[in-house]
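Here you get one chain, nothing else, as structure tokens; it is the form predicted alone.
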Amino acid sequence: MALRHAVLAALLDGDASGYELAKRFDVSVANFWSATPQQLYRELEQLERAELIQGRVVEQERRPNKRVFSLTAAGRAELHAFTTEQTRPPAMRDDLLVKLRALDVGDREALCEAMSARLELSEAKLARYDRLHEDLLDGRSEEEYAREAESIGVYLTLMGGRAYEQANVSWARAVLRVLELRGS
């Protein structure tokens, strides 16, 4: 998947400036795709040149004018075509896993610290995703939301992000238990 498809998918939630898109990206897309604001701005320029999005200037009082981007019919068609393409299996590249593999000749204390940091990060992300989940449901059951929601894609990706972080939390705790046993 290219960044272009993640940006186009984020614009399904409505028009956004580059800044708003970066914030939206951080909240709704970060659980499956990450990008820096600079990467997003470059991608917006390319998408506009390809006529997959359209930009317009919005005048603001007491603030500089901003450019707001919206998805074009060609952008929606691009997303539709993307959903029909064969999905590649994900590739895991995690330097912490390589460090754990090298533990037998490595620094156990440093790896305990790295695992503790990973656990803390995953717990924080999971808490954030849980808050987003509650906000999204807005008092409805998951079944009610699935039947009634106008858009279901955000919910499905949030489910994936939550499951991923739940697995990370469980794994990090298990690794720390094993490292503690080995350190005794």
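Keep in mind the model is a prediction, meaning the values are calculated, not measured. Only the largest set of C-alpha atoms that superpose within 1.5 Å between the two forms is called the rigid core. Note that residue numbering follows the sequence shown and begins at 1.
Beyond the structure shown, there is the form predicted together with the DNA, which is absent from this document and is the topic of what follows.
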Does any part of Asn168 reach within 4.5 Å of the DNA in the predicted bound form? Heavy atoms only, please.
no
Using a 4.5 Å heavy atom cut-off, state whether Arg93 contacts the DNA in the predicted bound form.
yes
Proximity of Gly18 to the DNA in the predicted bound form, heavy atoms at 4.5 Å:
yes
So in the predicted bound form, does any heavy atom of Phe32 sit within 4.5 Å of the DNA?
no
If we test each of Lys125, His133, Lys66, Arg118 for a heavy atom within 4.5 Å of the DNA in the predicted bound form, the one that passes is Lys66
The DNA in the predicted bound form: contacting segment from 140 to 148, 155 to 163, 54 to 62, 125 to 133, heavy atom within 4.5 Å:
54 to 62
Identify whether the DNA in the predicted bound form is within 4.5 Å of every residue in the set Arg49, Thr72 and Ala77, based on non-hydrogen atoms.
no
Post core alignment: Ala16 C-alpha displaced by 2 Å or more between this form and the one not shown:
yes
Please state whether Arg67 has a C-alpha shift of 2 Å or more between this form and the one not shown, with the rigid core used for the fit.
yes
